[in-house]
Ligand SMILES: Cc1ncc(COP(=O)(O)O)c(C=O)c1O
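Presented as structure tokens, the chain that follows is alone, the form predicted on its own.
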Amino acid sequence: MFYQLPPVGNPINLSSAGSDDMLLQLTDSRYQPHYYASGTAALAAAIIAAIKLKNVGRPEVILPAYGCPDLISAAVFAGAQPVLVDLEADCPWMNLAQLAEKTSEQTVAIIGVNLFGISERLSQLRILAERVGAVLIEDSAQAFPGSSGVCVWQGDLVILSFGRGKPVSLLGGGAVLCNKEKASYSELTRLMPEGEMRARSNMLAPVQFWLKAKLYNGMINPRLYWLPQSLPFLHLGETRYHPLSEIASMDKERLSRLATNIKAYQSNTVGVQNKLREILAQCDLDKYGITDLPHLCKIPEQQRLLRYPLLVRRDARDELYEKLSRIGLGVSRMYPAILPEIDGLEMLKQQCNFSEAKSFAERLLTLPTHAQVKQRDIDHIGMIISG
């Protein structure tokens, strides 16, 4: 009970150094950043820009049927109709055939999600987006390059989130990166609604941020994580729909620490996820009907994952989850259902035919890849999976 790994959770570095433009120095100079109060606000701003660029009567955005409800929050705030697409069988990628069927002249954007850090097949999504003059938005809230100069972003617009549990976490904040190599770059930059944002003013903000970060750093310690988990009002790990109420700018407390935390993230290695990959290769995966998703998707060893995802046979998933969670190994079932089945998203009920996404949701387990995972934790995971 008193040892519990969080599913995700890199500590926040409170040093203030560098400037916001170091985001690109540390990642990819092809992009121009625009900063927002959250990843959801950043996505909403990107969709607004895409709507203004195409100017159609009933704008639609295409996105996967399995994912974070914040995708819907951003689309609704921006005034676009979310159009859901099923997943490919046993994969975190959108079904290309169904995507092609649902793309139309009303499509202003296609949102490709780099789920868990596994890159979507953006080159194929781009073909479909260009066919109808839509913007390709790459949702990279769960993916961030693991080292300077190693980046595979391909979107016209790339969405980053610095919220709790993200690769680079500041307990809030987000960004839209505009691809300067695209012909539409200057127009998209002009349309970013930063001038419409309300900048928050709060004299206590520096102290509040410092206290929240200190508390967060303490609570993600495996010796203490059981405490917030035992408090139901915190809703840790729950998937909830929260409508977006405004687009605001990223505060200076977080912005001034962004470069420092990017450096801290990139200084970590991919050792944990590669050790998980190695131990899974030695396990009898047939016992629980396990599919190793990073292996199936041919993820390079140097590509950073936020979580290590597995698909488990339906009748064995919950049993394996209980065995791993009983000894505090940071296992998670992630989002519990497809988007139309999430409370508060009744607006999507009429959309159907997402059998593969539903199967994905019912079989998914994720393992932690953060720096607090020790070799003994990895060994325990291997022993439990092997039976």
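Just so we're clear, the structure is a prediction, and the values are computed from it rather than from any experiment. In this text, residue numbers run from 1 along the sequence as written.
A second form of this protein, the form predicted in complex with the ligand, is not displayed here; the remarks below concern that form.
request  = Tell me, please, which stretch of 319-327, 66-74, 353-361, 52-60 lies within 4.5 angstroms of the ligand in the predicted complex when heavy atoms are compared?
outcome  = Checking each option against the 4.5 Å cut-off leaves 66-74.
request  = May I ask you to choose, among S169, S119, N179, Q142, the residue with a heavy atom within 4.5 Å of the ligand in the predicted complex?
outcome  = The residue in contact is Q142.
task = Tell me, out of V272, V113, M192, L99, which residue has a non-hydrogen atom within 4.5 angstroms of the ligand in the predicted complex.
result = The residue from V272, V113, M192, L99 that makes the contact is V113.
query = With a 4.5 Å heavy atom cut-off, would you call G173 a contact of the ligand in the predicted complex?
reply = Yes.
request  = Would you check, heavy atoms only and a 4.5 Å threshold, whether S161 touches the ligand in the predicted complex?
outcome  = Taking the distances in the predicted complex, the answer for S161 is yes, it comes within 4.5 Å of the ligand.
request  = Taking the ligand as it sits in the predicted complex, which residues of 36-54 have a non-hydrogen atom within 4.5 Å of it? Please list them.
outcome  = Residues within 4.5 Å: S38, G39, T40.
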